[in-house]
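One chain comes next, on its own, written out as structure tokens in the form predicted alone.
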Amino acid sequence: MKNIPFNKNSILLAPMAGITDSAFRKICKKYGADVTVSEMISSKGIYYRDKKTSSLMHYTAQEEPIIIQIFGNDSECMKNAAEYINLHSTPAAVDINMGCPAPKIFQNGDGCALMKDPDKAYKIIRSVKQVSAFPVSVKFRSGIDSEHINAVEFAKMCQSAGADFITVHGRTRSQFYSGKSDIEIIKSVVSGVSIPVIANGDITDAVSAKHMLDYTGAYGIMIGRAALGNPFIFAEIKKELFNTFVPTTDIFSAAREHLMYAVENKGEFSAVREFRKHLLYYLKGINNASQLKRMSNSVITVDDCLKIFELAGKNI
């Protein structure tokens, strides 16, 4: 087993497709995330040397330590992806996605679909582990649905296949992101294996973070949707739980930073259009946000965004 590339009680930024690009990882890392994770990257895309796929592996020193997450259901493609990462990157770890619930991913036999076939999942993990120069982790869910909760057995399989650590999301695939995450199943996974377990699901503030760590005994926690529009969540948890101070600013100053990171990476045209979804999250909860949200849907320049930040700042 390779050394875990982060300390106990670390807070990780969860991988989210279309969200956790370089700019979002930078802003979360600046405001307290201990570890970032890439968007999930197709092993087939890497195999066929697709430029767009390869670009998802790009990161800067400001985002480190970073885990690169790959997905696929073919062990040879996954092995090839791990070898490609060896040659072209130096992440803290390589994560295998076995938890994505998206219909397109699931129906293709990728992501959470692999929880239905532990033997195939084992071969994939083993093939990646055998060639990876970096620690290997696996991210998965509590099960496919409430009738097929197999996270503990799946975790033991991951450990047997050579995973250095695992991340468990307490929802089933059928729940997607609705309902309640099952903290009991996470606790059972922690008790069932000897490798470190990262807990994911319904961690929204310092209180829920403390409860997750204390109750489950997890090695660390992972935060996804709660960071949308609120990159300060990592700093807030660290301050409350560990008395660790991370400097922050006002939320719309952070939003401006986030936007400029995106422009730096992708240029104004693409960055601003992709930033529209983030604008909606940053505006959540402010007074009279409906008009600003309508404006957000049609921003095309940095100045358009800055105007919205200015107006929003007056309504906090």
Ligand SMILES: Cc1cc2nc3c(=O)[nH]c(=O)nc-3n(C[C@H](O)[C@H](O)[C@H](O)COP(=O)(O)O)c2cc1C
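We number the residues from 1 along the sequence you see. Remember, it's a predicted structure, so these values are computed and weren't measured experimentally.
Below, we refer to the form predicted in complex with the named molecule, which is not included among the displayed structures.
With the partner omitted here, the residue from A33, A262, L283, M40 that has a non-hydrogen atom within 4.5 angstroms of the named molecule in the model of the complex is M40. When you look in the model of the complex, the only residue of K238, K79, K187, R171 with a non-hydrogen atom within 4.5 Å of the named molecule is R171.
Here the chain stands alone, but in the model of the complex its contact with the named molecule, taken as any heavy atom within 4.5 Å, falls in 221-229 among 85-93, 114-122, 221-229, 190-198. In the model of the complex, at least one heavy atom of A17 sits within 4.5 Å of the named molecule.
Heavy atoms of Y215 never reach within 4.5 Å of the named molecule in the model of the complex, leaving it off the interface. The named molecule is not drawn, but in the model of the complex it has no heavy atom within 4.5 Å of S142. Using a 4.5 Å cutoff between non-hydrogen atoms, N97 counts as a contact of the named molecule in the model of the complex. Contact residues in stretch 67-91 (any heavy atom within 4.5 Å of the named molecule, taken in the model of the complex) are limited to Q69.
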